[in-house]
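One chain comes next, on its own, written out as structure tokens in the form predicted on its own.
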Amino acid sequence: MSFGLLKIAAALAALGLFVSACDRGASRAPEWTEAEVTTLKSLWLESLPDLPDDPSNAVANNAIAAEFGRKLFLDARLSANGGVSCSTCHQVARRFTDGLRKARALGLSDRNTPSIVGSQYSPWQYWDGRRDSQWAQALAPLENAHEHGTSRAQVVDTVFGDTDYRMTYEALFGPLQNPAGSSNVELNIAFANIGKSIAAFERTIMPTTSRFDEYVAALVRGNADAQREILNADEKAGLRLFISKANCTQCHNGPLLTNHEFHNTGVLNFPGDVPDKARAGGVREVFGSEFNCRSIYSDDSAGHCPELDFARTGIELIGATKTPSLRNLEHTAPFMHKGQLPSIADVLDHYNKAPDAMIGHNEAEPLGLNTAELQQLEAFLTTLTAPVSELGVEL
């Protein structure tokens, strides 16, 4: 071989070594920056803090109360026609929703049934936050004419007349008076205790590990093979959009993917529906509720109610609804507070366009995502699906 050919061969060999070194370097380059990993870990279910105490409910963490509450949750006798229970609208297979635009029990409700999975972490209940505890929320449907349509006396009488229920109630709360001879305060105490038992059960309804959580776990362990197996390229691209360009984490943050706050996002009402003032009305209702944190039926003798003390009441709340969790979206359609949007794709299209609000001001800005990006974002959101855990039993 001539000297010239040897020089060319050497040059090619050196180039080959250079390219291989670059390839090896590229393979070692991290897929996520340190800041991005921190964000992903903040959304990871492993980052969910311990369940907060509820000082207003003395039996919140009592296992007997939780089992009692589970039975009450399933009991259709707690309704005017004997055919409606809490599980009528909060169905396990649908992640404690009902698949309807608006909840239907004795009648048609004004809003969509929200999931109660993880709701024990929220300081506010309902789309408009009109109750400030799970036990106060559990009481409201019982008296609502469109839901259970019953009365406090009937609910307490059902417990009083059932031997097993009565024995359990008295083991938890002390003697139960016959509602027929009870004063209003005695009746309300018993009614509130029933709500507290249902809340004790609902506190056990927790989200479980999704594919997204498994992916973050593999990322934390540095297991690249597992990362590739758990999420595909589109799902990872959607995740990147979720925490960056789409800015979803502005509201959907933390392990439950919600900030538990209220926002007007310009969702249109159905034709014929009156524009929904949402939180602007809900905040007034929670202050007026006889079962709120400050009521005589709260078990917190200190009356420590920071959420009520610092609740926002401004005009920015007009049309604002509570940010829902994004976990288990595949099983909780249709979406939004009146079930206006039938699919995840419809929700993403809505946020991509960010139309003017019918009432109040839409806080959202158009996302500017193309069709492929919207599909990738949807692909990621489906990775948040997981089974539901509650008391270790099937409802």
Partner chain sequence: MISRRAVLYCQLISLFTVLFSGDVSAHGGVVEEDDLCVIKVNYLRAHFKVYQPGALGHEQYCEDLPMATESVFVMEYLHDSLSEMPIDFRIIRDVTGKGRFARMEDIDLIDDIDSATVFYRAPVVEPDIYLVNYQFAEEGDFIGIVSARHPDTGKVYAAVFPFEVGFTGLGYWPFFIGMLMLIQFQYLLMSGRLKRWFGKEVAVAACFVLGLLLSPVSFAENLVVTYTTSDGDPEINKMHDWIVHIENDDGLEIEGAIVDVEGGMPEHNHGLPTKPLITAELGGGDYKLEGMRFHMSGYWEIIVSITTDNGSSKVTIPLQL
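Treat the numbers as computed from the prediction; the structure is a model and nothing was measured. Numbering follows the first chain given and starts at 1.
The next section is about a form of this same protein that is not shown, the form predicted in complex with its partner chain.
Within 4.5 Å, heavy atoms only, one stretch in 72-80, 176-184, 301-309, 131-139 touches its partner chain in the predicted bound form. Which? In the other structure, the partner sits against 301-309.
Determine whether any heavy atom of V274 comes within 4.5 Å of a heavy atom of its partner chain in the predicted bound form, and answer yes or no. Within the cut-off, so yes.
Although its partner chain is absent from this view, report whether Y165 comes within 4.5 Å of it in the predicted bound form, heavy atoms only. Y165: no, not in contact with its partner chain in the predicted bound form.
Would H146 sit within 4.5 Å of its partner chain in the predicted bound form, counting heavy atoms only? No, H146 sits far enough from its partner chain in the predicted bound form that none of its heavy atoms falls within 4.5 Å.
Whether P355 contacts its partner chain in the predicted bound form should be assessed with a 4.5 Å heavy atom distance threshold; does it? Residue-level check for P355: yes, a contact with its partner chain.
Is every one of K245, L369 and E373 in contact with its partner chain in the predicted bound form, taking contact as a heavy atom within 4.5 Å? Result no, not one residue of the spot touches its partner chain.
Among the candidates T258, S109, T158, T150, the residue which, in the predicted bound form, approaches its partner chain to within 4.5 Å (heavy atoms): Contact residue from the list: T258.
Quick check on this chain: which one of L268, M206, V220, A224 has a heavy atom within 4.5 Å of its partner chain in the predicted bound form? Only one listed residue qualifies here, and that residue is L268.
Residues from 351-374 in contact with its partner chain (non-hydrogen atom within 4.5 Å) in the predicted bound form: Read in sequence order, the residues that approach its partner chain (within 4.5 Å, in the predicted bound form) are P355, D356, A357, M358, I359, G360, H361, E363, E365.
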